[in-house]
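Heads up, the chain below is alone and in the form predicted alone; it's given as structure tokens.
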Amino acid sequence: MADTDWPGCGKSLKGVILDMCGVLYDSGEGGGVAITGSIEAVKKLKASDLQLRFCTNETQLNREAFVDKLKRLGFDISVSEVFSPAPAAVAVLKERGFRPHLLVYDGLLPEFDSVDKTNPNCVVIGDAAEKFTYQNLNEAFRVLIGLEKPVLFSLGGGRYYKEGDGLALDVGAYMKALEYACDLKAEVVGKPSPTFFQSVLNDMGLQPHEALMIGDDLVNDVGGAQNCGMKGLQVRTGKYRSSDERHSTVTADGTVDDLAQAVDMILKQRH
């Protein structure tokens, strides 16, 4: 059931931003599985007068491969609609003259082909999965600790996400380990960074109050969007836990069972 205090903002909306993992699909072997009703929900949004974008912290595949995976699951999605941390990080690295040591999943490496990686003066970490070995983390630590002014970029700040066989540690846990070891604060490129959310709004040409973020992560999806001036709606799929609704610092503007229910409510309000 949807919460009765779900925000009645449907009529004023001009755009919707969807998280992907945990909202559209659950990760797992073979590319994962679409969450019930999510494929049709995306179709309904695309058939409406609302702008639609997809905002993900996916960092195991480049955007092209990631979108291909979602298409195989049945989603109508194009690369230009998807905002992910790696391209944003590449832009920051080039703009500020950084040469990264990369601790990322092999599938993401092509995103950084255009960046100089000789004699690294920063570290970039993403969801490296099994690449998060002691040896690889220690190598990243040694790069950082050897710099006069160490800089750590993290492609997201999530604590965990939903896999087909249960929850899995996300990049934020390893980011915190390097922060602690090197006595520094990482720069997050991706959710919940306000700059990341603002880049999506800029692409749609919308003001924050004209857009709604829908995600399963209370802090990074909902809280990140709210900090940018948007409303944030949480779905009870993916990594959602009942304790989220009693969180000490973040309260969703509304909570619904799944994306299908959220879309039906939004479209109903617009008629």
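Start at 1 and count along the sequence shown; that's the residue number. Predicted, not measured: the structure shown is a model, and the values here were computed from it.
The form predicted together with another copy of the chain is left out here; the points below concern that form.
For the residues R72, K94, K117, R159, the 4.5 Å heavy atom test against another copy of the chain in the model of the complex is passed only by R159. The partner is absent here, but in the model of the complex a heavy atom of L169, alone among L169, V151, L109, V79, sits within 4.5 Å of another copy of the chain. Heavy atoms of E130 reach within 4.5 Å of another copy of the chain in the model of the complex, making it an interface residue. Using a 4.5 Å cutoff between non-hydrogen atoms, D183 counts as a contact of another copy of the chain in the model of the complex.
Contact annotation for R142: at least one heavy atom lies within 4.5 Å of another copy of the chain in the model of the complex. Looking at R99, you'd find every heavy atom of it more than 4.5 angstroms from another copy of the chain in the model of the complex. Using a 4.5 Å cut-off to another copy of the chain in the model of the complex, not one of M20, L52 and C55 places a heavy atom inside that distance. The stretch that touches another copy of the chain in the model of the complex, counting heavy atoms within 4.5 Å, is 170-178, out of 81-89, 195-203, 170-178, 118-126.
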